[in-house]
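Below you will find one chain, with nothing else, as structure tokens; this is the form predicted alone, and questions on how it binds or moves follow later.
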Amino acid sequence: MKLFAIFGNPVAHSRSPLMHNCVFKNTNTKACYTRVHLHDGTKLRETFFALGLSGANITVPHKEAAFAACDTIRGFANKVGVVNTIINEEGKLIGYNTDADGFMFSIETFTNLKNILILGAGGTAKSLAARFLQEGWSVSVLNRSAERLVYFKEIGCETYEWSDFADQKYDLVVNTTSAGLKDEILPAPKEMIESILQNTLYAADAIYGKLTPFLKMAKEKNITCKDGADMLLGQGILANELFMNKTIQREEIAKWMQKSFLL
């Protein structure tokens, strides 16, 4: 029996165990997936081994700590310094990032995107910014303070603090902060979010399972928007492929994960 888990703080809300266990059960795979509420990201590696895990997903706020915990980084995670999926290969932790492609899957119906604004400057923001730039899109990042904006400047994004942000028109605004996950706050001051949403075609939130204040405001303005459910599905399919070394067909993984959202 292989054991997998998701590390996060908070993590009780995560649908990942339901998604992956639905795949395992319906494909007769001897594996189980659970949650681990991890307060200190520096304890991720020792906790992973103490639990005897074969692999794990990592959610906020530990994605950068997960990068540091790995012995080897592969693929897109190397570019962004952020890991959301870890595989145990003979005692070595191998880190991957499936967030960015999961998000691209989620916004397939959003057309003619050229100019994107990202709210927040954490691990998810890094993944999405780098992926958007690969598409040739113009990317701006808005964060409360300048400290975490250095990476984004270095890769070619426009960066703003709350104090120096000026209104512009955007095709898509994405909230990558945890604002609204376990509270009713916005990712930036209300007046600023009001202005931003008045100047965008689409809005998206990485948070899923609830209507965040950010998405509620977008809906009130009749903006086409999405929560993070499709992103969760997209990254989950890719993560499961890595967990099982592609022994389960992607179509099968997608079928059972989609069904898990009805449970």
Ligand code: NDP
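Owing to the predicted nature of the structure, the values given are computational and were not obtained by experimental measurement. In case it trips you up, residue 1 is the first one in the sequence shown, and so on.
Not on display, but discussed next: the form predicted in complex with the named molecule.
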item: Heavy atom within 4.5 Å of the named molecule in the model of the complex - residue from Leu44, Cys225, Ile196, Leu232; value: Leu232
item: Contact stretch among 69-77, 89-97, 153-161, 138-146 - heavy atom within 4.5 Å of the named molecule in the model of the complex; value: 138-146
item: 4.5 Å heavy atom contact, Ala56 to the named molecule in the model of the complex; value: no
item: Tyr202, heavy atom within 4.5 angstroms of the named molecule in the model of the complex; value: no
item: Contact test in the model of the complex: Thr85 vs the named molecule, heavy atoms, 4.5 Å; value: no
item: Residue contact check: Val173 to the named molecule in the model of the complex, 4.5 Å heavy atom; value: no
item: Within 4-40, the residues that have a heavy atom no more than 4.5 Å from the named molecule in the model of the complex; value: none
